[in-house]
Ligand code: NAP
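Below you will find one chain, with nothing else, as structure tokens; this is the form predicted on its own, and questions on how it binds or moves follow later.
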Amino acid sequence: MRFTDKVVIVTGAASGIGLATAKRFGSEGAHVVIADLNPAKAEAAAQEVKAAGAPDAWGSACDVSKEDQVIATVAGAMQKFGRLDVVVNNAGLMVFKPITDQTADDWNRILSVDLLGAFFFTKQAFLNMKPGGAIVNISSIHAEETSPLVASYAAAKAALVSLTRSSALEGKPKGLRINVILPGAIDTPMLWDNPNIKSGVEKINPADVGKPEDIAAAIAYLASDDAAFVQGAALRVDGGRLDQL
């Protein structure tokens, strides 16, 4: 197993892609930290990850937009497990509004979670990881091709790709690898709650909808030694959907 005795933090891991990712790492031997805004859901997810085969899992209440809470989660992982090997920056928010209706508060909320949260965890990873560690950021195909009503989300996800490149440059001398995944349409509540999907503005071919486990597999690859020579890469995992947009 690729992650035996490794310690992995996954943000936004109480459901969807995050939970599938936590289970994947746990199934490959990792001790998993479930970092999620809702403490009850974080603990429930930790129990689910352990039941799925993880040697251990810990639920940490964490608002990734608050640097003190990110510091506390990383400190808790170090205290409980003694090391940190992988961080998956998965937590994200969307708001659906025309640009003319969006406010500074809307943008600050999205950027704080989707971009600053990844920065805060990257900073702590740089301060605590030993050589061989990895960070995998979760962006979106909206970073490259987007649709109406999601300007703040698309901008944040594009910026996350840029943060990945900068982090990879600074992480390489530390022996750390940082890469980013751009998921397409994935079968999660975030997809089906999208008003563009509900209204038909954005068409979804069922053949283009992936499973959370598809993204989890790609994340596990980038975090593993199998990707030892992959640094600063943006991996699109969308079933070819972006080629058709």
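One-based numbering along the sequence shown. Computed from a prediction, not measured in an experiment: that's the story for all the values here.
Below, we turn to the form predicted in complex with the ligand, even though it does not appear here.
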*Triple contact flag Gly16, Val113 and Pro183 to the ligand in the predicted complex, non-hydrogen atom at 4.5 angstroms*: yes
*asked:* Exactly one residue in Ala77, Ala125, Ala91, Leu149 has a non-hydrogen atom within 4.5 Å of the ligand in the predicted complex; which is it?
replied: Ala91
*Going by a heavy atom distance of 4.5 Å, is Cys62 a contact of the ligand in the predicted complex?*
yes
*Is Phe81 close enough to touch the ligand in the predicted complex, meaning at least one heavy atom pair within 4.5 Å?*
no
*Thr73: heavy atom within 4.5 Å of the ligand in the predicted complex?*
no
*Answer for Tyr153 alone: is it within 4.5 Å of the ligand in the predicted complex, judged on heavy atom distances?*
yes
_Stretch in contact, per heavy atom within 4.5 angstroms of the ligand in the predicted complex, of 83 to 91, 165 to 173, 126 to 134, 98 to 106_ = 83 to 91
*Which residues in 114 to 140 have a heavy atom within 4.5 Å of the ligand in the predicted complex?*
Ile138, Ser139, Ser140
